[in-house]
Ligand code: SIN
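Before any questions on binding or motion, here is one chain by itself as structure tokens, the form predicted alone.
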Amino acid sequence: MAVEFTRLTPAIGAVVSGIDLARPADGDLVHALRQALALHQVLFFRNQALSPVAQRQFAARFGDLHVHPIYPQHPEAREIMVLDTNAFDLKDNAIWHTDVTFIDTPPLGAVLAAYQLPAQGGDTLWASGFAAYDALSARLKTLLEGLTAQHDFTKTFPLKRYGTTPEDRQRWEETRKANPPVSHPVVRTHPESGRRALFVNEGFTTEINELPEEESRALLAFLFAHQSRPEFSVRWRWQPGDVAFWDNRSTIHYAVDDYRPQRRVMHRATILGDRPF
């Protein structure tokens, strides 16, 4: 069966058919998926039987994998992060965010597999940083050119929530020491397509370095609201066997927290990227 890409919205998203992600991906397939990822920004695959080890192997074809310093790891594959609402309070995912932008080389992308789903709810939304940037006025684009913003681990992972036991506090302190605030461009250039995208997110971005505090706060509030507009986004209703592969360099996403007390378990592999420019 030939690989096919079916676009979901004008701005973002495509469903991919004709691929079994559990089988080793050859060079041609990896190249095709890289191109599709840069174009569509998030790719969805149905009816996949993907073990944690196979998920790790697939993701590793696109780059080195990140091991999250806070979230639990799967016992069969430490590079697979386990997002289990029975084990961890995941409310910090119910905001528009981009993963792990608190490091110098934020992730290229991530592969998320549905392991256990609630009967209703638990959708995930992605929004296009390309579309959000393109929709800005020329004058605002000029203003943003050359600005940088700080990204801070503690904004989403505050000590009061993630340091409740001595062991957790020690891990938090070690992670904080290893990940001081970093600065990235407010607008980054995609290294493969050359397109420009907004690169601030409500999860980790705390301030714009070149502006006074009040101006920084006001501009970030506008950008956070602007980039989450419905016309820039796609909403995915998960089914068993679904896998999503998104470009973390040009998107934000939001995990809808509307299914409590039902359980939701997802496995994520995170692929390291390069320094934004």
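Residue numbers here begin at 1 and follow the sequence given. These numbers were taken from a predicted model, which means no experiment stands behind them.
A second form of this protein, the form predicted together with this ligand, is not displayed here; the remarks below concern that form.
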Legend entry - Triplet 99, 246 and 268 all within 4.5 Å of this ligand in the predicted complex via a heavy atom: yes
Legend entry - 103, 136, 83, 114 - the one with a heavy atom within 4.5 Å of this ligand in the predicted complex: 83
Inset, instruction - Using heavy atoms only and a 4.5 Å cut-off, determine which of 255, 21, 14, 11 is in contact with this ligand in the predicted complex. - result: 255
Inset, instruction - Give a yes or no for residue 175: in the predicted complex, does one of its heavy atoms lie within 4.5 Å of a heavy atom belonging to this ligand? - result: no
Legend entry - Residue contact check: residue 93 to this ligand in the predicted complex, 4.5 Å heavy atom: yes
Legend entry - Touches this ligand in the predicted complex: residue 124 (any heavy atom, 4.5 Å): yes
Inset, instruction - Would you mind picking out the stretch of 214-222, 34-42, 246-254, 47-55 that comes within 4.5 angstroms of this ligand in the predicted complex, counting non-hydrogen atoms? - result: 246-254
